[in-house]
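One chain comes next, on its own, written out as structure tokens in the form predicted alone.
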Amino acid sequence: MTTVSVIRAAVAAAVRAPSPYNTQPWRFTIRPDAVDLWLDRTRVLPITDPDAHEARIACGAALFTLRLALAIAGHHTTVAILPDRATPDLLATATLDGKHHPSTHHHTLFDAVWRRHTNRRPFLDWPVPTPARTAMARAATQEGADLHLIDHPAPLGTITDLIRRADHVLGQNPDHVAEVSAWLGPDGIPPLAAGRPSTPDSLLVLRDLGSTAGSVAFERRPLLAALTTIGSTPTYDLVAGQALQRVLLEACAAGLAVSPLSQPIEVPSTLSALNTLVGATTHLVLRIGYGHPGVPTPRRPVTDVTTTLP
């Protein structure tokens, strides 16, 4: 295969990364020995994500998957984050600059790229074992972030209260509700992937994604995790996104299901309280556990998100 073909195949893996409401806010420019990752402003949520924080995290997740796919193809890459200050939407450039011998674990993670999906269904009340917790925390650290695993009653209760409060605030904003509704469908989250609402007595409040099915009880003792970095700049958004995807792939490889709980990130007051609680900049809260398989969301064709230069 030519390097352009290799890069195009890597982009096909990269677009399997998660994004808020499956907005897929990325574009790629392919060159013979490099690929540029761009933020697609047309797919950023202006009400829910006005500073494109969540969109950059999604692009960071795609960047990690791109790096992993190129490594599996035998290519070492050098990545420049935000390489041009005058062009802030050029998020990264990955340059192929040598051979790489992927490890067995690289192959394990890459296999998980195609199975991983957000699971919005109830999880089983089974504890997540220590080896899986350690692997996920190590995955975050390897990408320059931290994963704070939370299941003790006091901090767990505090975070679930923040999620409930943020969900209420967002639900009272008609512009936010309309924006979310616009992404429920074929070009966002299809009905089968929307999950079901939680019952009023559930500890966790999941987003209302327009499901017409009845509410169900969710797990009584969830494992939550706060993904954090030491800063809150666009560079740290990309760091967090790469860490997020590595954590998600580790979780998938361990047979775990994950869903994001981003409500407290989208409300300034709850985000501030969450940062105080964990002592760092929080980029996302994750719900982790064992669950029945969910439904993957579709992705746009690679041809729709790429430009190939001579």
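If you're wondering where the values come from, they're calculated on a predicted model, not measured in any experiment. So that there is no doubt, residue numbering starts at 1 and follows the sequence shown.
One more form of this protein should be noted, the form predicted in complex with a small molecule, which is absent from this view; the next part is about it.
Colleague: Sort through V239, A92, L209, L162 and report the residue having a heavy atom within 4.5 Å of the small molecule in the predicted complex.
Modeller: Spelling it out, the residue with a heavy atom inside the cut-off is L209.
Colleague: Considering the small molecule in the predicted complex, which of I189, A145, A226, A166 comes within 4.5 Å of it through any heavy atom?
Modeller: By the 4.5 Å heavy-atom cutoff, the listed residue in contact is I189.
Colleague: With a 4.5 Å heavy atom cut-off, would you call G291 a contact of the small molecule in the predicted complex?
Modeller: No - in the predicted complex, heavy atoms of G291 and the small molecule never come within 4.5 Å of each other.
Colleague: In the predicted complex, is there a heavy atom of the small molecule that lies within 4.5 Å of any heavy atom of R120, even though the partner is absent here?
Modeller: Result yes; R120 sits at the interface with the small molecule in the predicted complex.
Colleague: In the predicted complex, is there a heavy atom of the small molecule that lies within 4.5 Å of any heavy atom of T281, even though the partner is absent here?
Modeller: No, T281 sits far enough from the small molecule in the predicted complex that none of its heavy atoms falls within 4.5 Å.
Colleague: Give a yes/no on whether E54 approaches the small molecule to within 4.5 Å in the predicted complex, heavy atoms considered.
Modeller: Although the small molecule is absent here, E54 would touch it in the predicted complex, with heavy atoms inside 4.5 Å.
Colleague: Looking at the small molecule in the predicted complex, is some heavy atom of each of R16, Q263 and T297 within 4.5 Å of it?
Modeller: Each of the three qualifies.
Colleague: Picking from 62-70, 268-276, 32-40, 255-263, which part of the chain touches the small molecule in the predicted complex when contact means heavy atoms within 4.5 Å?
Modeller: Correct option: 255-263.
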